[in-house]
Ligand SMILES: Cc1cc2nc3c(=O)[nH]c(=O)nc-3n(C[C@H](O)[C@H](O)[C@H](O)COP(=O)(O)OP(=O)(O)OC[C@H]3O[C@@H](n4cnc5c(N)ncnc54)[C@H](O)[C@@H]3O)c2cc1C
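Given as structure tokens, the chain that follows is alone and in the form predicted alone.
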Amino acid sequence: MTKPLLPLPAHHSVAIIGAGIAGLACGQVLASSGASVTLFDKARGPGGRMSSKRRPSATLDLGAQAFSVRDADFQRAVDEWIAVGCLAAWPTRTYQASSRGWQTHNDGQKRYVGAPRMSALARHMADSLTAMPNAELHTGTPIVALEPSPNGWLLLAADESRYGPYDQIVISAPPPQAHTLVNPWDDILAATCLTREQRACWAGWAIFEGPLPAIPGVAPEWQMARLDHTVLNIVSRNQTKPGRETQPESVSLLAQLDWSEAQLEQPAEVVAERLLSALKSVYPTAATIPKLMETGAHRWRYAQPSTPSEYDYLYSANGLALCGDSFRSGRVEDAWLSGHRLGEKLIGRSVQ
């Protein structure tokens, strides 16, 4: 797992499985060093849990709603993203809410959101990466197996296409998915994947014909609330996010993890209805919730790690490596740091 690792030689080829923030951050470091980088993602676009759901009348963030910064390296990256316009400060009006009432909430952390949607950050990272002549991205390409060959690693896709060979494989997918890929080839990485247990989370959404009712003592344009509720954890008003001011009332509803796991196999429409009921329960009994235009729910089976990891990333002398927010504490910053630091390690710049 931690055998001495030499810097990547010239013309080194790397495949990165997973084009979320960790995979993109790792790819940027490697491609900037001269390595040939190819990213693969099973989704239609990059971003992972930074994804957004686009409906005819509104855009809703269903994964991360905002993120904060603690690390100086990540702050420098955030400053660059703000400068190019794909990131903005949000929220500034937050509350704690329960059936007993609402109180303002400020933990002192400045937070940011993609502009005009959360996925804008991942798309900017992907665009800047693939603008390099030595990097490319394959979306809609689930990788189901790895195969060693005399010249490096081959990747087998779900449609039986083969890619490669590659000198190095970086897997930024959640550990249960990474386990399937590394299990035949590396006992230590496979065992580590089994220890990185993941929590599930349901994310609901709703678009209304009119604004949510006013709440006494609460700013009309409140942006996000954390709930003291057994079902619902976070309510986020998407039309208050930068660049979305013209869309109708459109909320994201992130469920509590314990409740999500108890309801993991429920139909999405049932989950959406229960999350909406939870939202109504923290409003005054006389309040009238506006008529629904659309609603739904998305299940994140691997939303965040159960416990922090002692590692930022893991790698093996056989050319396999793992990174992602699951190797820290599950935050957006954790994902970027894990991928960025693995990239630096692979090119010999890391001091760790």
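Quick note: we count residues from 1 along the sequence shown, nothing fancier. Just so we're clear, the structure is a prediction, and the values are computed from it rather than from any experiment.
If you look for the form predicted together with the named molecule, you will not find it shown, but the lines that follow are about it.
Since only the chain is shown here, I'm wondering whether Leu337 would be in contact with the named molecule in the predicted complex (any heavy atom pair within 4.5 Å). Residue-level check for Leu337: no, no contact with the named molecule.
Please tell me whether any heavy atom belonging to Leu314 falls inside 4.5 Å of a heavy atom of the named molecule, as the geometry stands in the predicted complex. Leu314: no contact with the named molecule in the predicted complex.
Might Gly27 be said to contact the named molecule in the predicted complex, defining contact as any heavy atom within 4.5 Å? It does not: once the named molecule is placed as it appears in the predicted complex, Gly27 has no heavy atom within 4.5 Å of it.
Any of the heavy atoms of Gln223 lying within 4.5 Å of the named molecule in the predicted complex? No, no contact at 4.5 Å.
With the partner left out here, if you bring back the named molecule in the predicted complex, are Arg54, Gly114 and Ser252 all within 4.5 Å of it by some heavy atom? Not a single listed residue reaches the named molecule in the predicted complex, so no.
Of the residues Ala35, Leu320, Ala66, Ala58, which one places a heavy atom within 4.5 Å of the named molecule in the predicted complex? Selected residue: Ala66.
Candidate stretches 138 to 146, 94 to 102, 162 to 170, 187 to 195 - the one whose heavy atoms come within 4.5 Å of the named molecule in the predicted complex: That would be 138 to 146.
Can you name the residues of 86 to 121 that have a non-hydrogen atom within 4.5 angstroms of the named molecule in the predicted complex? Going through 86 to 121 in order - heavy atoms within 4.5 Å of the named molecule in the predicted complex - there are no hits.
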